[in-house]
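To begin, one chain is listed below as structure tokens, in the form predicted alone.
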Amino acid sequence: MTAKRITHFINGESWNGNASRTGDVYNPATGEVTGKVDFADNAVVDQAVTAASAAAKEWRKASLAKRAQVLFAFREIANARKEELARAITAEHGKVFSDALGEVTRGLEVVEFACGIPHLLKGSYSENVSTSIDVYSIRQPLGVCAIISPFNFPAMVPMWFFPIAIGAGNAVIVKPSEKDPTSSILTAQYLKEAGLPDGVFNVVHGDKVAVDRILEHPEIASVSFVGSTPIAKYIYENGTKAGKRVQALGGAKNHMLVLPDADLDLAADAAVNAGFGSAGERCMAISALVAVEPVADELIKKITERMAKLKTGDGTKGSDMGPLVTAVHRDKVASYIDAGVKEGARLVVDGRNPQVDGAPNGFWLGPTLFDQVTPKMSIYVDEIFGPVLSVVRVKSYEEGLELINSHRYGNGTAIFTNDGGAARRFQNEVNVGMIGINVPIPVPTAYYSFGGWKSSLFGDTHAHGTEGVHFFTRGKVVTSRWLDPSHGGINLGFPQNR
């Protein structure tokens, strides 16, 4: 099988240069190299910035009606071809097709939100604040905005940012993960077909070289990032040092608190779905199940029964869970299972040698369940980012709450209970940014904002929703006085937006 070339998309077309460095793109279900992705050097990043900067000067002049029309057209094209996009995700990331399709659908929700950009950019107006003086506010684009995207949601995460950025009148440069870059190229093609002017959306591939150039480039006004906490911190510190506006969403260790009055069948379903969906490679995955005694034994029994029915295999063949994204990542996750055993946790279900429906060289790791996990164990402290679920037993709601609040991450959490008072107390007292009540993966809808607390977020602006609109625009306040009226002449035609 000949590996395809995956290259940059700059100023409306595929890059035609010769890359000095490339990276391998794998099919995780087979272990085969299916693509070679060009890595950008500083010159390639500069070329993309030059194109984006020129396009931004013109695109900001486009009417709100025109911007919304392009986003509407993109939404229709991407929705019609979402299976093409999902197949590309499955082929390079490994998640099962239905999960990839769900990713695309959730991304399109932000596109739909951004289609309302004429309303979202409305300012305010106060007439006659002083004699013959009016004051009003407006929001204007930043210029060139960069998006650095992770491997686990190669289509959805860029869609959290670029529809709003483009709708607000900015130009965009996306640096996707080098592990699964094709979906960003498909997105660029769909946007071009939707009528977006050349240069408004660009894709550069690469590694730290490209990232560092993005962070230091003086013509890039903002950087949006989703990924691990160490990289998020690095991007935030270096981006802000260079004078950029930065939103950097980091890692997570999401807890699910199960109270004794909870519906344990519902809780067991939720723990399996949230713990092992996408092979645990989600920043919103539930990886720590906090069971308030005496429910732990019964809950573990129910979870184990459900895990026995899960089918691990090639994401194109109807499996429940696919492979991990790379062999290196698979081995890293497996090393955490080794460490959990050595540290004294009880290994209830071992996923290190799974029975799979797929090629023997795929990057396989089955769903894994630990019991008797303590807060000092590495499988509890660290974000594993794989299909490993740890059960921590506590004696009370208060002990469970303290456990969650003491962790350095504060991305997402959930409580399972039939007690409304307990749920209301939990949402008020827990120090976490996104909370589910009998909902295991509390990802907000597009018109609310996504983001955590503590070491799960660097910067103070979350993704999409109102905060996203504010991130990609600057506010101005205008104080005006007009002494003489002006006349626009006669026009009997019905007024239109142009």
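Only a predicted model underlies this, so the values are computations on that prediction, with no experimental measurement involved. Start at 1 and count along the sequence shown; that's the residue number.
Missing here is the form predicted together with a small molecule; even so, the following discussion is about that form.
Participant: Thinking of the small molecule in the predicted complex, which stretch from 208 to 216, 365 to 373, 389 to 397, 304 to 312 has heavy atoms inside 4.5 Å of it?
Facilitator: That would be stretch 208 to 216.
Participant: Only one of G351, G199, P150, G107 gets a heavy atom within 4.5 Å of the small molecule in the predicted complex. Which one?
Facilitator: Selected residue: P150.
Participant: Which listed residue (V96, M256, V223, L249) meets the criterion of a heavy atom within 4.5 Å of the small molecule in the predicted complex?
Facilitator: Residue within 4.5 Å of the partner: L249.
Participant: Quick check on A242: any heavy atom within 4.5 Å of the small molecule in the predicted complex?
Facilitator: Judged by the heavy-atom cut-off of 4.5 Å, A242 is well away from the small molecule in the predicted complex.
Participant: Any chance P141 has a heavy atom within 4.5 Å of the small molecule in the predicted complex?
Facilitator: Contact with the small molecule, no.
Participant: Check whether L299 has any heavy atom within 4.5 Å of a heavy atom of the small molecule in the predicted complex, and answer yes or no.
Facilitator: Because no heavy atom of L299 falls inside 4.5 Å of the small molecule in the predicted complex, the answer is no.
Participant: If we define contact as a non-hydrogen atom of the residue within 4.5 angstroms of the partner, is P176 a contact of the small molecule in the predicted complex?
Facilitator: Residue-level check for P176: yes, a contact with the small molecule.
Participant: May I ask whether F385, N411 and F450 all come within 4.5 angstroms of the small molecule in the predicted complex, judged by heavy atoms?
Facilitator: Result yes, every residue of the spot touches the small molecule.
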